[in-house]
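In the block that follows, a single chain appears as C-alpha cells, in the form predicted alone.
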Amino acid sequence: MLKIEGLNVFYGAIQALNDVTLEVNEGEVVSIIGSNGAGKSTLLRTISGLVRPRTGSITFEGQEITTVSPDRIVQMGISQSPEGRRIFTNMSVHENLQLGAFTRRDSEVESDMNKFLDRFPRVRERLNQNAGTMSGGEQQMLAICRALMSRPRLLLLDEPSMGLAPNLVTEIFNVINYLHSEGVTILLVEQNAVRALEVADRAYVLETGNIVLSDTGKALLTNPKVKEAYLGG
C-alpha cells in the first residue's frame, strides 16, 4: 500500500531522515519506534505532504505522492492523527469531527460519524462542548476519530499514548486493535515501544534519522538490542 524509498529530509542544514526505506502492506499495523529526535514525526509529516523531502520517493497504492499537496493526500486515502492531538480547542467536538470530513462530498458523513461515536462513547458524551474542555485522553480519542472521518485507507498515528495515564494508554491501544480488526491499515509512531511492538505486524527502529532494524513486532520484542535500548533491558 505504501512504499518509501531513499527518503532524505532536511531542516535547513540539519538532516532529519537519512535514506529511509520502508513499506506498509494493506491491512497491517506497522510500528516505528525510536527515541526523541529520531525523526519519527518527521517521517509521518513527510508522508502527509507537510514536509518535503530533498530526495527519495513515496508511493501510495502505486501512485507517487512525493510532491502531492496535503489536502489531496487526504483525498487519496491517507489521514493523520498528529502528535499533540492538534484539535481545534475553541470549536465544539462536533465541529472538529466535521472538519475531519472536509474533503468528502458524499452523503454518508453523518452516518460515519455515528458509527465512530459508537466506538468512542466519551467523545459522543461531549459532542456539543468545546473540545478544549476535554481531558487529554478524550482529546486523543477525538483526534483519532477526526482522522477516521475522512475514511482513510491508511491511518497515521503519531504518539497516541503521549502524556496519558496507564489506563487511558490501554484504552487507546484497545482502539488500535479494534481498527486493525476492522481492516484499517495503520502506520504507528510511538515511544511506548512495548505497546507499539505488541500491536504491530511488523516494525522498524529509527535512530537519528536512520532505519537500523526491521522485523516482525514479536521478533523485535525479544531482540537483545531493542530490549536494551527501548524495553528497559
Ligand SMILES: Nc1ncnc2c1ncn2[C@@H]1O[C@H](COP(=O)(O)OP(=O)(O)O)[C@@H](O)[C@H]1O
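Residue numbers here begin at 1 and follow the sequence given. The structure presented is a predicted model; accordingly, all values stated were derived computationally and were not measured.
If you look for the form predicted in complex with this ligand, you will not find it shown, but the lines that follow are about it.
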Quiz item: Picking from 194-202, 55-63, 38-46, 169-177, which part of the chain touches this ligand in the predicted bound form when contact means heavy atoms within 4.5 Å?
Solution: 38-46
Self-check item: Glu83: touches this ligand in the predicted bound form, heavy atom cutoff 4.5 angstroms
Solution: yes
Quiz item: Contact between Ile211 and this ligand in the predicted bound form at 4.5 Å, heavy atoms?
Solution: no
Quiz item: Is Leu220 close enough to touch this ligand in the predicted bound form, meaning at least one heavy atom pair within 4.5 Å?
Solution: no
Self-check item: Residue contact check: Val24 to this ligand in the predicted bound form, 4.5 Å heavy atom
Solution: no
Quiz item: Within 1-33, which residues come within 4.5 Å of this ligand in the predicted bound form, counting heavy atoms only?
Solution: Tyr11, Ile14, Ala16
